[in-house]
Every structure is written in structure tokens, then in C-alpha cells.
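Below you'll find only one chain, the form predicted alone, shown as C-alpha cells.
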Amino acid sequence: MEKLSPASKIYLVLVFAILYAPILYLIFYSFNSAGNMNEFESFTLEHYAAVFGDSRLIIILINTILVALLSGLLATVIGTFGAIGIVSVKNAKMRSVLLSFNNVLIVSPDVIIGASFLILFTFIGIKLGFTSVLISHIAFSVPIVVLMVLPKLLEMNTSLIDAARDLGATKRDVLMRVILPYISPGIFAGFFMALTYSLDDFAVTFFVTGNGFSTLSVEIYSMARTGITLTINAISGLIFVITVLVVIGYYFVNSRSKQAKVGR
């Protein structure tokens, strides 16, 4: 890889500083015993203790993680088979149309998607709560998974499939032993992207969450409306750490997959 020039390094440092400075500033004051963000008095963990001592917040945190994991898994399964289905379409024009429909959902504003789901759930009689949030998160995550898996499918040499069939592999064998292992980096990338999108989403969830069920993003918004407390800083810090761990997990899985391919 070509070495970066000093100007490029300075530019990158500035970009990352702008991106991470607000988050680090917020986390820094989550340890402030003064209870405000005006002056750092002394180090304390009382705001994190307040988070873990609040059973309602713990339930909301569990709900958020549960929705993220379930929607990520289901969206990964649906999106993977959706991508395989799109690639298997022989008609190039039809394939382009299907991809366009997929991309429309990605670029659509969250407010529009959330309002649409709210109208749909109200119309068909689905009570707003866990189910409505889960369905909506799966829906906006599937197109992301499709985009993550599609490049791996397109770069796959079809002679691998032909060779497997010539050796007597059934359709199931081809899928399970040839296609899925080859596109596994794309599948993992799609899962982690769906997971982070679900954890991060506020706009869509705000429309479909209903009474008695909430996620962290909606709860933080509600808490912020009544005044900023350092409990919000502590929750945000925890979410940031979880996100970093998810990213590290993704790179760990991805690097293991690459090493396995090199070792073959």
C-alpha cells in the first residue's frame, strides 16, 4: 500500500477528530461527579450505577439488543436469499428493476418509512410494540444485507457451481457447500450492518414503538426532552462501547475468514 503524505495524514487526523470529539466529550463527562457538563469536578461511576440500577432502563436495553439481534438474523437470512434470487434472474433488465426497488428502500427517508409502517400496522390491525418494531427493523435491514451479499455473488466464478453439479452435488449441496461458504464474508458484513442499523435507528422506531415498549434511541430522545442528565451520557457511552465491540467482532470474523481462504 502506498504511504500517505503528511498532508493526507493531517487531513485524516482532522476528520477523525471532528467525528469522534463530540462522542469522547460526552463520554468524558459521564464520569463527572458534578452532575453537569459545565465543569469536571471529580471522577465517579455513579451515573453508570444509576443506569444499571434502573430496572426499566435495563429492560429497554435488553429490548434494544433483542430486537437488533433478531432483526439482524432474520434480515440476513431473507437478504441473502433475496440476493441469490436477484443474481439468478437471467433477464438483465428485470434484475436491474429488482435492484432499483431494493435501492429505493435504502435511500427513502426514515420518516417516510416509519409513517408508512404506522399506517400499515394500523390498517391490518397489528398492535404497536415488539412485533411492529421487529418487522419494521427487518424490513429496512433486508436491502442493506442484499447490497452487502450481492458483490460476493457477482464476483463468484460460476464454474464452481458447474463443477459441483458435475461431481453429483444436489441443489442443496451447491447452496450449502459452495455458494454460502464463498459469500460468507458478505453475509457477516450484512449481519453486522443490519445489527448496527437496528441499534442506531430512531425515526422508524419512534413511529411504530407504541406504549409499553421502547428502545434506547427512543428512550434517550424522551429523556433529552425533559433535560440533559449525565445518565444519558452514561447510556450513550455504553452504546458506543457495544458498537465498537460489534465492529471489532466483525473484523475478527472477517480476518478469520480471509485466513481460512488463504490456508486452503
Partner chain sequence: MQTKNSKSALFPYVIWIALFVIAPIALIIYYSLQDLEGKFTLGNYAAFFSTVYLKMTLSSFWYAFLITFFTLLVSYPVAYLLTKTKHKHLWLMLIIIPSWINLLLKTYAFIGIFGLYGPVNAMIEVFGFDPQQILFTDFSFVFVSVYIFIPFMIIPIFNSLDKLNPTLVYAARDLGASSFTTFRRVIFPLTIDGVKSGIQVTFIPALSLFMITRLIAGNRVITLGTAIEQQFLVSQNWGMGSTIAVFLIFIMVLIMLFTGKKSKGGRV
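Given the structure is predicted, the values throughout are model-derived calculations rather than measurements. Residue numbers count along the first chain shown, from 1. Throughout, rigid core stands for the largest set of C-alpha atoms superposing within 1.5 Å between the two forms.
There is another form of the same protein, the form predicted in complex with the partner chain; it is not shown, and what comes next is about it.
If you check the partner chain in the predicted complex, you find no heavy atom from any of T44, M148 and V178 within 4.5 Å. Contact annotation for K171: at least one heavy atom lies within 4.5 Å of the partner chain in the predicted complex.
The partner chain in the predicted complex comes within 4.5 Å of a heavy atom belonging to D200. Although the partner is absent here, R165 lies within 4.5 Å of the partner chain in the predicted complex, judged by heavy atoms. Mapping the unseen interface onto this chain, I187 falls outside it, with no heavy atom inside 4.5 Å of the partner chain in the predicted complex.
Residues of 18-36 that come within 4.5 Å of the partner chain in the predicted complex, judged by any heavy atom, are I18, L19, Y20, P22, I23, Y25, L26 in sequence order.
Annotation: Cα of L61 displaced by less than 2 Å between the shown form and the other one, core superposition.
Once both forms are fitted on their rigid core, the CA atom of I239 lies 2 Å or more apart between the shown form and the other one.
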